Structure formats: C-alpha cells, structure tokens
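The chain below stands alone and is given in structure tokens; this is the form predicted alone.
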C-alpha cells in the first residue's frame, strides 16, 4: 500500500467513525473531543456555552437522517408546491434582468471565498471592484463620498439619521419622514434611533408626493434630518426636491434622499437638489428579488468623510509606487476606540456590491439611462391600459411614476388581489380599494396577459 493510499484509507476510516457516531458533518471523533476537553479542563462541550435555560431546547427535532439525493428530492417536492405566480408586486422588491455575466464573474472562487478584504496584499481584485462600486455611486449621486455598502436600505437610513445627529448643530432630536415610507423601513429606523434618544415623526404628502409648503409646516429647529424618497414607495416621482432641501437647510437639518441606482440615472441628481446624504437599496441591479437580503446604498457630502459609517476603500501606492487599493476608513467599535466610533454596524454586503458593480458596468452609462427611461414608460403605458378598463382608475395620482403606481378599483382591493392570484398574478392590496402594480423589463412579456386578467377580474 502506498503512502497516499494509506492516507486515503485513514481518512475514510475516520469518516466512517464519525458517521457511526451519528455525527457525519463535523470533523472530530469522540476521541478528538475528549482530548480537547481534557486539554482545557472542561467536563463537557455544553460547559463551554453560557445559554440561559429559558432559551435552551431539550427536545428532539425529529428529523430522520437521509442521503443527499433523498434530501434534494424531498426539498424539490416541497418547493414544487409553491404557486408559480407572475409578480407585479414592487414596493421595494424590483426584478430586472440580471445578465449571465454577473453570475459568471461573481461566482469565481477568488470572490466567493474571500473574507473581508483586510489584507490588501491578497485582495487587490476585490478591493478594486468595491472602489469601482463606490465610484459609480459617487457619479450617480453627485456627492463626494460613498461607502462600500450597508446591510440594506433600512439600516442605511438609520445610519444616515445617526450621522445627521452627529454633524448638525441643532439641539433637537427629531427625524422627519414622509407618510409614504414603508412600515418595515420605518420600524428599523425607529429601532435604530431608540438607543440614541431620537424620535421619528411623519409629515403628510400631497397628491402622492412631498409638498414643500406642507413640509415647512412640520420642520422645526428640533428637526435633525428630513427624509424624502424619490421615487416614493408608491412609485411617484417627486418634484420640488430643491424646495424640500431648502426647507431642511433653513432649519439646519440634514436633507436625506432615498433612491436606487436605476432611478438615479434618470431623476434629478441628489447633489444638485441640495441632498446631504443619499440612501437606498442598490441590489435592484445584480441581484434578483431576495425578499430580505439587500444592499444598502450610502453616499454623503465629502465634509462628512470622518463620520461615514461602515467601510471605505481608497487608492494608495505600494512600496514600489504601484497603484494599490486598501480599506482606508473603518469607523466601527471593533477597529477604533469606542468613543470615536461612528457606528457598530459589523459588516457590509461586499459580494452583492460586486454583483451590482458588474451589472452597472455591463449596462454602461447609456444602458443604465435606457433602463431607467423604460421604467417610466412601462409604468405609464400599463397605467393607461388599466385606466381604460371600466371600474379601474390608474394611476391614482396624476404625476409621473417609476416602475409602479396605485390603481383604484370599485371592488374590494383584497378580493381583486385574490382573484388575480387565482389567475396567476401577484399584486399588493394597499387599502380598501387600491392595488399597487409594478412593471419592469422582467415582467414586461406578461403585461398584456395581466391587463386581460384585471379586466376579467373587475368585470
């Protein structure tokens, strides 16, 4: 028996031993565990964990062991029970065609197996990709600084409010947001600010958008930040953004704008309308709807460079004067003294940011603008077709929309949504008589079939 054959045999014996002990997925045998416990003077593995009895689980999960093939078959059978609906949902989850190039490049092992890029000498490729991602956001927002991501749009918004509280000289602690901000995003913001003794208040929108005069009635010297989304959660495109920014500035409150990379390619540049901070979800490009995971976009004025949460990738030179990339700023407690930390958000979405950067590069400047223009045209044309149906008014608000809009029906909205589901389509029922409809390049081929289904449902 050769040495290699003997090693293979030993490995197989160890694997068999682990399997025989009912522990096929960990590398240690009972003897290994006993040896390690003896070395540290512990009686059992459980002694190493301080788990409160109230959250300990003493029962059995009742899961029978099975082969990989059986598990795959069982899971496939379970997933097959899901209804295959064509989604016209929106409200934060947007489906755009993701080119195969994104998968082919982002799934390369040097990206998938890379941990946080602390060591520039072994992570130049990933660091450059993140630097390119930041540069794309700087170009789209017109602001001086963009970090290499937050968890999602909601955490980016929470960090924006904390930044505003640090940099503004107002004595107050109020964050003012429009009444169109989605509940889940509002909930995260409130949770973020509870520990900082800050409060969140809402101001009413007019005709589906922020009205500067109405906003002015609610902004006071207690206001630290004004948050406006463009487009809004119902797809309406905001006007008077400069006027809203002026209102915030008059009270020395930060002006924070919520958007996404596709919308930013077409709508007013945030820097041009006086935005101090831009947040949003950048995963609208590079990632199919994940219904949970996102990519928090965060950009701000260069004056706030030392206050930016998360991580920044910068350009430097190595010992041989070659251009090199490195993490130049990390302001979380784990890296610097607690009293100087601006945030304790512990990680970022580097791999998702990589995918978004690849997608933007694939589209190019012209392609990105074309996609954004399509989002306006598709929603406009679909609303017009629905408005032709007796019993439907679309859009509810007479203004331009981006990807999505509200449609009013004579029938109960929940019933309309249920009937559409039976016909194979998913929409949101947002109140008694309003549904929300979203269309992009991804569900565009099903557009005519959807219109026909709505006509049949409301007949």
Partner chain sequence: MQRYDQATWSETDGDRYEPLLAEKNEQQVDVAEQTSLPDEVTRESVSLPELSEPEIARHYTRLSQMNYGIENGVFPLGSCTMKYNPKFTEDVAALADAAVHRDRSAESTQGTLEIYGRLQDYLGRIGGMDAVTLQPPAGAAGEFTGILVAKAYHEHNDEGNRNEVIVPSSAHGTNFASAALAGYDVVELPPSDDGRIDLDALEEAVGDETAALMLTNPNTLGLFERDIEEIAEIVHDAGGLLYYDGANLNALLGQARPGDMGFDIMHFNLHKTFATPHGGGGPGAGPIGVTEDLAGFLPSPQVRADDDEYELYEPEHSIGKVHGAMGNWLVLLKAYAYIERLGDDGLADTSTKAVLNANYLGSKIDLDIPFGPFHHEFVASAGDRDAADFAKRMLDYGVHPPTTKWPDIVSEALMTEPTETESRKTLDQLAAALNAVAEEDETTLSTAPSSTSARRIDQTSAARSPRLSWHALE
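Numbering follows the first chain given and starts at 1. For clarity, every value in this text was computed on a predicted model and none was experimentally measured. If you superpose the two forms and keep the largest set of C-alpha atoms that fall within 1.5 Å, you have the rigid core.
The form predicted in complex with the partner chain exists for this protein as well; it is not shown, and the discussion that follows is about that form.
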Note: the partner chain not shown here; in the predicted bound form, the stretch from 221-229, 385-393, 126-134, 201-209 having heavy atoms within 4.5 Å of it is 126-134
query: With the partner left out of view, is residue 238 within 4.5 angstroms of the partner chain in the predicted bound form by any non-hydrogen atom?
result: yes
Report task. State yes or no: in the predicted bound form, is some non-hydrogen atom of residue 171 no more than 4.5 angstroms from a non-hydrogen atom of the partner chain? Result -> no
Applying a 4.5 Å heavy atom distance criterion, does residue 268 contact the partner chain in the predicted bound form? yes
In the predicted bound form, does residue 294 come within 4.5 Å of the partner chain, counting heavy atoms only? yes
Taking the partner chain in the predicted bound form and a 4.5 Å non-hydrogen atom cutoff, the residues of 50-71 making contact are 50, 51, 52, 54, 55, 56, 57, 60, 61, 62, 63, 64, 65, 66, 67, 68, 71
Taking the rigid core as the reference frame, is the Cα of residue 74 displaced by 2 Å or more between this form and the one not shown?
yes
Quiz item: With both forms fit on the core, is the shift of the CA atom of residue 42 between this form and the one not shown 2 Å or larger?
Solution: yes
Checklist entry - Just checking, between this form and the one not shown and with the core aligned, does residue 64 shift 2 Å or more at the CA? => result yes
In the predicted bound form the CA atoms of residue 73 and residue 103, compared with here and shifted by at least 3 Å, lie closer
Under comparison with the form shown, the C-alpha atoms of residue 72 and residue 103 in the predicted bound form shift by 3 angstroms or more, placing them closer
